[in-house]
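First structure 1, then structure 2: two forms of the same chain, each alone, as structure tokens.
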Structure 1
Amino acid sequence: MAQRGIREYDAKRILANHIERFSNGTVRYRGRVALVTPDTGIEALSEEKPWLKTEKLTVKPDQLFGKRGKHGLLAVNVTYDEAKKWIEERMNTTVTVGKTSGKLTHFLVQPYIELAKEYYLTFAGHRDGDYIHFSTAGGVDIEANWDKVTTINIPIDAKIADVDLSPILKGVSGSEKEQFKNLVTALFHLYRELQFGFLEFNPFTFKDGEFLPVDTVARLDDTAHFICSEAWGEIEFPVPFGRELRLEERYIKELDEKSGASLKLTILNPRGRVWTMVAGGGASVIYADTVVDLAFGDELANYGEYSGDPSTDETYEYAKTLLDLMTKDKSAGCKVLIIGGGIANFTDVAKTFDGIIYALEDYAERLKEQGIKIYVRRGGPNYEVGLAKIREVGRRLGLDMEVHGPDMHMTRVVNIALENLKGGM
């Protein structure tokens, strides 16, 4: 699983779209949220969301950082005009949160919620299942009051209907226990079926079937996009606060937005000696995890994927961008490039390998000058043709290349590449 943070706006939008379905109508959430950006002002949003001008509001940055109140980045119980002025004064300004500085560009606006009672609820995935944390003493000081939080584990192969929730609800009054059981059950179904890796509501209140979350933090498993894209809707995985996209990352992001395929690239360490070009979101996680498990995490240069049957041209642009980054600077010792993937279901391996081959031809001299070793492992439709082509181009161009099919395990080819990297240190 590759957990990636999403905006609070998107988490609440997904919640609003699906909570009644998962609760069989016993839980309501109106989902009145608006996202103000440099391109979409609050004035334009108020035309489609008239409540912005009629209700008292809460405004806060929505850029994957917390403790906004403690940093003076929270406007509570304000009018529309006050909210508009507050956002205008802060839009595109640079602030420091902890040790990180960055520009404020996205603001969440929602109706002000007056809380008579504050609760805390979190769902968090781990190796053996999912934890549910609950407390009747929610709020900004939840960490200091962690002794008041109760926790249960739902094993991976268990259904929540078969689990006794009473241990976490012991602080809820008897008359409300059944309502809270329905709430926790419905939110857990949403969390699990829509592929969240983490979902936190703190604080929230719940009365007469209406769920009112004040603050929400969420992470999705981005490898599940192909099965959840319709349920998620137009989703964005923002870069962490304070991190600007490199030119190459921005270029791949633009390619991805224009394509029906999936093209992702994150530069972790541009001077790293382990580079990967991996087909498939799940495979990209396996390759990256294996590199880290083998103690080469500090040398891992990038993380990303190309999948969803990209065209030859799209694959060429992706590979060319990666090879350009990889060969910009010479490093002490050799570098390795792992061109990998699982066994594709519908991606034409030969077609995508044509794009990779064109890029290898463009960068062959740089690759040889820097002594870069290339390891290929792939399976799927037309993989024999694709492997034969890339093997032949490796010989023709004089590249230091090993080519393997699906008989070689994914983690084994990483092990071989890193063992050779040790020998070239």
Structure 2
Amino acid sequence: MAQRGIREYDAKRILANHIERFSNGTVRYRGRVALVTPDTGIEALSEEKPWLKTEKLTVKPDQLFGKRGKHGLLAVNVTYDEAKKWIEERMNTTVTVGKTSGKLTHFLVQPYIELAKEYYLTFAGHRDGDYIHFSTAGGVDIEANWDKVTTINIPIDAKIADVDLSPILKGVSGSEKEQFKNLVTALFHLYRELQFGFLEFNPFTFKDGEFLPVDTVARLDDTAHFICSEAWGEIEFPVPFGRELRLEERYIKELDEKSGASLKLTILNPRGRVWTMVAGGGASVIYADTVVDLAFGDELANYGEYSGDPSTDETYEYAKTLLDLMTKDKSAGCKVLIIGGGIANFTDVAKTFDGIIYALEDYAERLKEQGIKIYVRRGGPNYEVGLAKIREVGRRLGLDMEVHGPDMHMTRVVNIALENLKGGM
């Protein structure tokens, strides 16, 4: 659905698999990387990758966060045994990086690279083309040394072969120029053809003619999966560090991937008292905004949306998952559920509401037990039928429910709900 970060391991694996093709053999990279996970230990990997036991190693977490050295999460120039121990001590432990806490589960192991010279190279897409940033002063302080970075823009419809790369390679000595030109050209091809949105090597170096990226950050455009699935190989798009998916989130994600419609769910605070089930990518953000703007941000339990005309079944599964989560914790006190949405263009309101109604029937007892108040606001095709049905079901099941149509301002129900919540405190 967008550009998403991939593991450094996967980036280097893709690189190693394709660099020969994209460089016509002028760039060499063996791709000596290993990924240690809770299921695959370093011992098991060493059979296929004997260098793990013969080389000095570098070890670091591979979970989409940087500045690992600064957080003491980097082991360099260590032996196999030291690396093994280092990983074992940290596997499945929780660490805090910046403001985010999360569990360490994936570690990248590669041969230790002695850096005589640290180079920086980044490819980054923008609306009209792709930037290539290059510097001979790479490394951890690249931001501080940004004045030494040179940049050129490759227009979206230009061929890299037609672009003069010399402006960014000024700092490279004459004898090395050809090597760097080949590298930049090949990596740009790879970046473009394999649908990367961002690809950074910082730092990298050359040793015996081999390209050696030390740290790599990459984002792939996951919508290009239908074009690149073969070239990417088995690819994972990990959730951001500190955002391990809950069972329910994973379930909705799977539903989403199988469906032509869009179904999203993120749990922000399972003990929060404001729950939302909103239709539409744009409207759902505005509902969340309004909760936050009205100073109930820390009570907002979830972000989510369903859109693109989901089937009754899909809406039922979505609603059930949410109601289950919402009614799990009885101790949280008075809670509200906002079934919101704008005026739909083509989503059949009556049909999607059928799914919500089935879920309300399933959870009616728990909703009543916990005194949950439900606020509905929706418009669009067939909304009259949809609203009448849900109103009727609210009455039949004895739910505490308010139902509004497009004649009421979209986020007005948030106001009313939060006022009630305040009153109930």
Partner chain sequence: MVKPDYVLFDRDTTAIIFGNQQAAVQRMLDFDYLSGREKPSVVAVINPTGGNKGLMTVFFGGKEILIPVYNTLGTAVERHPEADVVINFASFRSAYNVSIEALNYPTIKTLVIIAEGIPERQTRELIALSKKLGKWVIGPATVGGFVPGAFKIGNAGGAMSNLLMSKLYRPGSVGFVSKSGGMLNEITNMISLNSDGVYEGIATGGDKYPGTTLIEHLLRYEANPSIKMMVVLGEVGGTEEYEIADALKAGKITKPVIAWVSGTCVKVFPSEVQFGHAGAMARGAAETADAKNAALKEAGAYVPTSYDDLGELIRRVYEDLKATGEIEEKVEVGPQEIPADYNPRTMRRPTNIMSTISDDRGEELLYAGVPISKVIKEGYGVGDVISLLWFKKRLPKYVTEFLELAVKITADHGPCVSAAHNTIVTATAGKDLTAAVASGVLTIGPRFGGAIDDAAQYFKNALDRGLTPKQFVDEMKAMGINIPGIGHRVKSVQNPDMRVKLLEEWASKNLPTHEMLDFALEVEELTTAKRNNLILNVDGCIGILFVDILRSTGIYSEAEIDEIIAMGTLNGIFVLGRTIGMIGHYLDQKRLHARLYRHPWDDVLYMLPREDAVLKYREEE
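For the two forms, the rigid core is made up of the largest set of C-alpha atoms that agree within 1.5 Å on superposition. Since the structure is predicted, the reported quantities are computational estimates derived from the model, not experimental observations. All residue numbers here follow the sequence of structure 1, with the first residue given the number 1.
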Selected structure - criterion: the form predicted together with the partner chain: 2
field: Same-part call for Q110 and T312, two rigid parts between structure 1 and structure 2
entry: no
- request: Measure the rotation of the smaller rigid part relative to the larger between structure 1 and structure 2 and give it in whole degrees.
  value: 44
Distance moved by the E317 C-alpha between structure 1 and structure 2 (core-aligned, Å): 6.1
field: Core-fitted comparison between structure 1 and structure 2 - CA shift at L300, Å
entry: 13.2
